[in-house]
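Only one chain is shown below, in structure tokens, and it's the form predicted alone.
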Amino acid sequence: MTTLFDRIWDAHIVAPLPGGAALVAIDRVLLHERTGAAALNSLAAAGRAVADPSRVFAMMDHIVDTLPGRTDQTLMPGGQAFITETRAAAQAAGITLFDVSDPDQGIMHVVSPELGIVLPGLTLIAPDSHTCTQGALGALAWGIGSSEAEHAMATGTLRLTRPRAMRVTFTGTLSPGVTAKDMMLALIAAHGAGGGAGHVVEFAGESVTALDMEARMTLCNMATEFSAFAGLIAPDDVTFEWLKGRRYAPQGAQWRAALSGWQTLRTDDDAVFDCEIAIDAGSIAPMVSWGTSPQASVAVTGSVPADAAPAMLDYMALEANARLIGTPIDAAFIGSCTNARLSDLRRAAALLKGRKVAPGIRAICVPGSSAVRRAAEAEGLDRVFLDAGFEWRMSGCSMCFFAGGESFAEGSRVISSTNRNFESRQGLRVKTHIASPETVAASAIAGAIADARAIRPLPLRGAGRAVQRRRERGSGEGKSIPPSPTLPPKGEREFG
């Protein structure tokens, strides 16, 4: 009667602590330039070193510009200091740094799976709430603060109180045109932005196992918008095929040993969860948010609720009972750790091919990583976006939120493939509608919120080529990371 979460948690307990807490082994720490220098410099100032530099990775993604030809200079006043100080601190600590011009630079939650830094059964933390994205590979991944990052880097452990376990089961089959983004928005709309608070959420059901790896990442990415501690999906053959051959994944005999352990990472049929939610996947339609929380979302063909919060209506300049389709927009954004992977760009490009963005609409596409950007360009997707009227950018967090200093025009209405629609998230008084990349593309063409199902996608040249798929895995020799000294040998053999 054991859950997937139980198996990972129990394998990582270094010591039980009073009050139901435990000292838990941490396998990977990811940092970014917005807070990375602060954590590393504070650790050094205390006279402590990173215990195992091979397990810590720093990424330039939050503040770095995404404009072509970028350098350390940023649009954010003082932003260059974040970059240069993180670079110096990472080099001094001896950790792996994916710098501004590194060919593997990108959003940390996109790059880590691309390179096999995250693996099934591992614990992984980062000072970013969307670290839960990586639970899609069967890892326990969650966001932390800078002081926790310091503790984990110095000791390889964190003190944690055990979360409760929840299972969200999506039964049945998704309808054509419905995506993982729509699944999460439907869940949050039905059960509230706080519905997963205090829980590790395992996503299960036939419509989940039918998702490809990148769609699973979208699902887990928004577990934090459900207030969950983390999101998880049991690893399976889809996961293993995705990981095989990636740079930091085990190689040769180590791969075979790891695989035998990963295949045990599942929930027993008779396991009991603290909470269960079931959703009929066939009932889900393409979703779009209307308010200033992800839970304020409805089917794209629906209307603003009659009992909508007046403060949200005022901010979003909408009226109760108003239909969303046809609501004029000023801008469209495809990017973020939620929906900027290669499959996301392919689906949006299939709708944009041979079509143009409506006059007056500013449209931007920011690939999730440099590897995604190169792969998209090899398939000609960049030309599709550019010919349609989109800006084609370098990779980074960009205008998911404007930490990098760039924002949409004050008060504008934006449809976005990002994960949050909070007030001023993408600029001062910007009104953000979150949706799938397909809905964003269709709306950019229409100049207003639109249903992508009304547009016939066109075939793209080269998409899905096997040689390109290998290129996406990352180049170079295998660099699998040695077992953690904090874990029992048996647990390490099982989980890699």
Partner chain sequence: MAEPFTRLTSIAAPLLRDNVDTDAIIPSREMTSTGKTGLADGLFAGWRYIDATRTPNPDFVLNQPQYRDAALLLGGRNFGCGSSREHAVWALVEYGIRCIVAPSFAPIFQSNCVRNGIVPVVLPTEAIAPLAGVVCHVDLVAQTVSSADATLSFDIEGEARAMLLEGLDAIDLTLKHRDAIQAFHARDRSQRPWVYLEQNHA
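Numbering follows the first chain given and starts at 1. This structure is a prediction, so every number in the text was calculated from the model and none was measured.
This protein has a second form, the form predicted in complex with its partner chain, left out of what is shown; the following refers to that one.
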Report summary line: The one option of Ala89, Val304, Leu351, Ile144 with any heavy atom within 4.5 Å of its partner chain in the model of the complex is Ile144
Query raised in the report: Looking at the partner-bound form in the model of the complex, is Ala258 within 4.5 Å of its partner chain by any heavy atom?
Result: yes
Query raised in the report: Taking 4.5 angstroms as the cut-off for heavy atoms, does Glu379 touch its partner chain in the model of the complex?
Result: no
Query raised in the report: Even though its partner chain is not shown here, does Arg28 get within 4.5 Å of it in the model of the complex, heavy atoms only?
Result: yes
**Report entry** 4.5 angstroms heavy atom contact with its partner chain in the model of the complex for Gly205
**Finding:** no
Report summary line: With a 4.5 Å heavy atom cut-off to its partner chain in the model of the complex, the contacting stretch among 149 to 157, 354 to 362, 267 to 275, 327 to 335 is 149 to 157
**Report entry** Residues of stretch 27 to 48 in contact with its partner chain in the model of the complex (4.5 Å, non-hydrogen atom)
**Finding:** Asp27, Arg28, Arg34, Thr35, Ala38, Ser42, Leu43, Arg48
